[in-house]
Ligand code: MRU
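Before any questions on how it binds or moves, here is one chain, the form predicted alone, in structure tokens.
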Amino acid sequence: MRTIEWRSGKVVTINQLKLPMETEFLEMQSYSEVAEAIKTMKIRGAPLLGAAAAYALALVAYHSKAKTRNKLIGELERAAETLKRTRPTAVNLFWAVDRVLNKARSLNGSPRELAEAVVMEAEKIAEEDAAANRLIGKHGAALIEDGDTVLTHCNAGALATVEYGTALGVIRAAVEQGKKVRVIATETRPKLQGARLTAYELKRDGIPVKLIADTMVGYVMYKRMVNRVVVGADRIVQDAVINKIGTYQIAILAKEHGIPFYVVAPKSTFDLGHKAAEIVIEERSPEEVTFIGSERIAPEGVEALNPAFDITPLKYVTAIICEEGVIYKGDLQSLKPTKQ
């Protein structure tokens, strides 16, 4: 099942805040609705953010009443700025917005022709993500052995992409090849994407999964309950992987215990024109830490720190798996830097 779809002037996607208790579909007709859904994490997951942002611009073009090409371009540019302010860290969003804008700017047709081209480009981005995830799964499955127990963090499954998934796509592909694979999923505080979303996906697909608190990672590694770590990424830069908060400590523990640590992401997540020190790490509301849902868990007046992502230096990464294959950290330097 696709996580996001274009339906004749509407963008339809799953409200991820309601899972696993309720499956609610959002039907959005304006870019501002998509921007709000991204900001509030109804839509989340780096590759999905790219597709959603592209579709948001498609909504602008599809519903525009602009009479001239320049006016339509102006509408797209204003929407693009709003979208870029929603989540500052995941590079896929910026990549997709710029790709759609550049497509529109490169054309000299009527507003209707530009609108058709923008919608087609957004659809192309979504199709490419779905195809990339299948290739990623195929490449990554070769690194998973029959009988492995794989630890994963946050949610890098079908819900984080257009379909199939990145880190969970590798696990799915291994299972489809007939390998027996078990998964240990971290709960992933403070938004609990592992407990709510990863466990939901794996249970739905019949893949054995055990849920652990984030603080249990060292224990399960010490007890040799894990053979591999497979995680997603929100941005891959020259010297590091930026992913959900908690990834860095898992990588250190994996290295200490001699466990391979794999990062899985499409090329749209690569930002090799930058280094980690240049990247803005999103700070989210302290209430995500002091509350679980609507229930306060900390005394009133207690301050909380809530960075959404952390930075894992490449020395802790065994390999990066993308649609082009398996890239070991020493090979990253051979890739062409692309300034975002």
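When you see a residue number, it is the position in the sequence shown, counting from 1. None of the values given here were measured: they were computed from a predicted structure.
Another form exists, predicted in complex with the named molecule; not displayed. Remarks below refer to it.
Enquirer: How about residue 55: is it within 4.5 Å of the named molecule in the predicted complex, going by heavy atoms?
Expert: Residue 55: no, not in contact with the named molecule in the predicted complex.
Enquirer: When the contact criterion is heavy atoms within 4.5 Å, does residue 93 count as touching the named molecule in the predicted complex?
Expert: Although the named molecule is absent here, residue 93 would stay clear of it in the predicted complex, with no heavy atoms inside 4.5 Å.
Enquirer: With heavy atoms only and a cut-off of 4.5 Å, decide whether residue 186 touches the named molecule in the predicted complex.
Expert: Residue 186: no contact with the named molecule in the predicted complex.
Enquirer: Is there a heavy atom of residue 50 lying 4.5 Å or less from a heavy atom of the named molecule in the predicted complex?
Expert: Output for residue 50 is no: heavy atoms all beyond 4.5 Å of the named molecule.
Enquirer: Of 291-299, 41-49, 22-30, 55-63, which is the one stretch near the named molecule in the predicted complex, taking non-hydrogen atoms within 4.5 angstroms as near?
Expert: Contact-bearing stretch, as computed: 41-49.
Enquirer: Counting only non-hydrogen atoms and a 4.5 Å cut-off, give the residues of 210-240 close to the named molecule in the predicted complex.
Expert: Read in sequence order, the residues that approach the named molecule (within 4.5 Å, in the predicted complex) are 232, 233, 234.
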